[in-house]
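Next comes just one chain, in C-alpha cells: the form predicted alone.
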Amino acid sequence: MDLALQLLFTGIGIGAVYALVALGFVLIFRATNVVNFAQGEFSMVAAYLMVVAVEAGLPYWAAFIVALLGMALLGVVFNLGVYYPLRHRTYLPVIIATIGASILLANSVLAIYGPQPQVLEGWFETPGIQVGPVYLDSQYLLIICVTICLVIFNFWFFEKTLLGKKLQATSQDKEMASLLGISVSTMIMITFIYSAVLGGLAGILVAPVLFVSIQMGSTIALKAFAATIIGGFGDVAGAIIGGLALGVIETFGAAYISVPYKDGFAFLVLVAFLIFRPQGIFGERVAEKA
C-alpha cells in the first residue's frame, strides 16, 4: 500500500507535465484545426533557455521569466513563420510544416549545445518532505501545484473573461467570429503564444527531474499527444485527465511490470482507446451523412 501511494504521487507529478503539453495541443487544435507537432520541442527549447539563463548568472526567478518570455517570442515567430503563410491551405501542409519546424528546432539546439545532456537545479533547496509512508519530492509537488493553478486559471479565463470568450468563439467558427468584429488573426496569435508558454512551462518544471536533452521534447510530445486522444481530442478537461492517467499508468507499469517498457504502456492504452473508444473519454461520436 505504501509503495502504491508513492507511485501514485510520482505518476500524478509526471502526468501533470503531459497534461500541460496536451493542453497546448488542444488549444492550437481548437483555434486552427491543426495539430502542432512542434509542441514538445517548445518544452525542450524552454528547458535549454532556462539552463543558459542560469549559467549566465541570472537569479533563478529571473531566468524563469526570461525563458517564458523567450517562449512567448517563439510562439509569435512560429505563428507568423509556420502557420500564417499556410492558413488558407488544407490541414495537411500545415501539419507537415509543424513537423518540419520540430525537426528544425531540435537540430538547431543540437548544433548550438551539442548532444551532451544538461542539468538544471530545482526550485527548492529542500529535496522533499516525508508525509507518513510517502516521500513528497519538492519538484513533483511544484509541478502538481502549478498544474492545479493553471487548470483553475484556464477555467476562469475561458469562461469568465471577454478575451477568453473571444478565443472560444474563434475556435468554434472563425467566419462568424470575424463577422462579429473579432480579430481572428489576433486570437490565433494569442493562442500560439499561450500554447508555447504552456509547453515551455512544462519543460522548465520537468527539467530538474529529467536531464535536459534534445530528446526530451519528442518524448513528452508523444505522451501528450496520446493523452489528447485518450481524453477526447479538442477537449480541455480530457487533455488534463488523459495526461494524469498516462503518468499514473506508466509509473505503475514500470514498477510492477517492466522498467524498459515504461514508455510502451502509454501507447498500449492509446491503441486500446483507438480500438474500443476512438472518440476518447470526453469525446462524442459524430455522425456524418454522405
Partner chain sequence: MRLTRRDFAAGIAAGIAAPYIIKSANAQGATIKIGMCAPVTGPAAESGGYAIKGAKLALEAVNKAGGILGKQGELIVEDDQTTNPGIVLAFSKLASQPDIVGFLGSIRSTQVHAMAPDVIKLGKPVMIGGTDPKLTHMDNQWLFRFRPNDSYSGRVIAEFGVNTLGKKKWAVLHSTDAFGTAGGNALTGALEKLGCTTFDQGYANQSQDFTPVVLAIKQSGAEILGSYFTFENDLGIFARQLRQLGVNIPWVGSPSIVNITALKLAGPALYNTYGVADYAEDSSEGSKAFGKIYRDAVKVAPDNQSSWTFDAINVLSAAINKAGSTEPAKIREAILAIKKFPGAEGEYNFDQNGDGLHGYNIVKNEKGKIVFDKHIEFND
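These numbers come from a predicted model, not from an experiment. Positions refer to the first chain, counted from 1.
Just so it is clear, the following notes concern the form predicted together with the partner chain, a form of the same protein that is not shown.
Exactly one of the stretches 172 to 180, 193 to 201, 131 to 139, 72 to 80 approaches the partner chain in the model of the complex with heavy atoms within 4.5 Å, and it is 131 to 139.
The listed set Tyr84, Phe211, Phe153, Phe124 contains one residue whose heavy atoms approach the partner chain in the model of the complex to within 4.5 Å, identified as Phe211.
Taking the partner from elsewhere, Gln118 is found to have a heavy atom lying within 4.5 Å of the partner chain in the model of the complex. A residue is said to contact a partner when one of its heavy atoms sits within 4.5 Å of a partner heavy atom; Arg30 fails this definition for the partner chain in the model of the complex, lying far away. For the chain shown alone, Thr186 is not a contact residue for the partner chain in the model of the complex, no non-hydrogen atom being within 4.5 angstroms. Of the heavy atoms in Gln215, some are within 4.5 Å of the partner chain in the model of the complex.
Of all the residues from 249 to 263, those having a non-hydrogen atom no more than 4.5 Å from the partner chain in the model of the complex are Glu250, Thr251, Ala254, Ala255, Val259, Pro260, Lys262.
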